[in-house]
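Just the one chain here, the form predicted on its own, laid out as structure tokens.
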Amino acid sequence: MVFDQLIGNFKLGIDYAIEQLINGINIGGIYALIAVGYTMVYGIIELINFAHGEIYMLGAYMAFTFYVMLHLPFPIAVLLSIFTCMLLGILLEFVAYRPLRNAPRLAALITAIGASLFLQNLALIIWGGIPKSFPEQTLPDFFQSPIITIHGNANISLLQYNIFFITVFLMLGLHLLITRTKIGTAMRACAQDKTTASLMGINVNRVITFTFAVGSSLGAVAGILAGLYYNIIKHTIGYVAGVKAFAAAVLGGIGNVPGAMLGGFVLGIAETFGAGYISSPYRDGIAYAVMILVIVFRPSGILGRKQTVKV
């Protein structure tokens, strides 16, 4: 049955393939924004921050709350949502992770899982279990209109174009921040050796806090974009997207920022093509299968190296 569907979908032609590619790039960009948050934190303190997926979820919820419930203009709601999530990421680092800085890794890992479950249940208590959606008038109608025709009926809408532009712009900005600024140099120094960085006058705690702030801000943006793209917000979206983004970070090479970006796009495209050509229920399994194959044949990830420059 699956094989028949696969053959049938291949007959849909190049237009269908291009549409899947466009969707995959959009979803991959969202995964990449979340994945860099995972990989930056891991690069500096070697912690898998499982609560990062919940920051993504809260980004969408906070934008919905500021816009729909408090009736603020949508751009203001977006900025306040990003700022709130940034503060939440900083608070998480202060309360949950900093006291365990010198504890065994397992303790910090369990704390991260606990923080994830706490935030997920907190969202369930505050917003309830019924999914929320942005109103139709959140974005003007022309955002759904095609603005670029690639081939036949394969088009790019203004919303898809903006999601791609925003994700690429933010990732280029992050790359420049890490490679061309003083704080970026401090981040890379802490990723190499925190003790030596501290002896050279770098405030390691401040760098770690800044890393959480940047990662949480990007996670919030990803949540808002996904909320607009799928137009469904519920308390479990952070878990699903967070696991996939973590898989993307591993796929690209955990601790490697460009690798996390690449891994997000590869995972998004693989997932979309799998859902489009095989079956939608298999989309998660296909995404993880790609990750497993890469790990089996290249354990350090696509861009990972034995002595890679982290963060």
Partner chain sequence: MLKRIPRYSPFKDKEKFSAIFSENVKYFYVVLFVLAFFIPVFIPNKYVIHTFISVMLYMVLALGLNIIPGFTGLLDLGYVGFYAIGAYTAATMTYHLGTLGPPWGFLSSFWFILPIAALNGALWGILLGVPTLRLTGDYFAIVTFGFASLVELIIINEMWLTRGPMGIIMDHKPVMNLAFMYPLTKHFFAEPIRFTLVGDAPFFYILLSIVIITIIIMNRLEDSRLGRAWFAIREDEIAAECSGINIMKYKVIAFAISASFGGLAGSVFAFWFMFTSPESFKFWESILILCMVVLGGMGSIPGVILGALVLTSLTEVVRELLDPWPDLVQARFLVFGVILIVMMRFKPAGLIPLSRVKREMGSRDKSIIDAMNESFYKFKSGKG
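Treat the numbers as computed from the prediction; the structure is a model and nothing was measured. Heads up, when I say rigid core I mean the largest set of C-alphas that superpose within 1.5 Å between the two forms. Positions refer to the first chain, counted from 1.
We do not show the form predicted in complex with the partner chain, though everything after this point is about it.
Picking from 226-234, 120-128, 177-185, 82-90 the stretch near the partner chain in the predicted bound form, with a 4.5 Å limit on heavy atoms, gives 120-128. Only one of Leu139, Ile76, Val168, Ala107 comes within 4.5 Å of the partner chain in the predicted bound form through a heavy atom, and that residue is Ala107. Remark: Ile48 counts among the residues lining the partner chain in the predicted bound form, judged by a heavy atom distance of 4.5 Å or less. In the predicted bound form, the partner chain sits within 4.5 Å of a heavy atom of Ala115.
Interface residue remark: Val68 is not counted as part of the site for the partner chain in the predicted bound form, having no heavy atom within 4.5 Å. Contact between Tyr288 and the partner chain in the predicted bound form is found at the 4.5 Å heavy atom cutoff. In the predicted bound form, the residues of 240-259 lying within 4.5 Å of the partner chain by at least one heavy atom are, in order, Val243, Phe246, Val250, Ile254. Core-superposed comparison between this form and the one not shown: the CA of Leu21 stays below a 2 Å shift.
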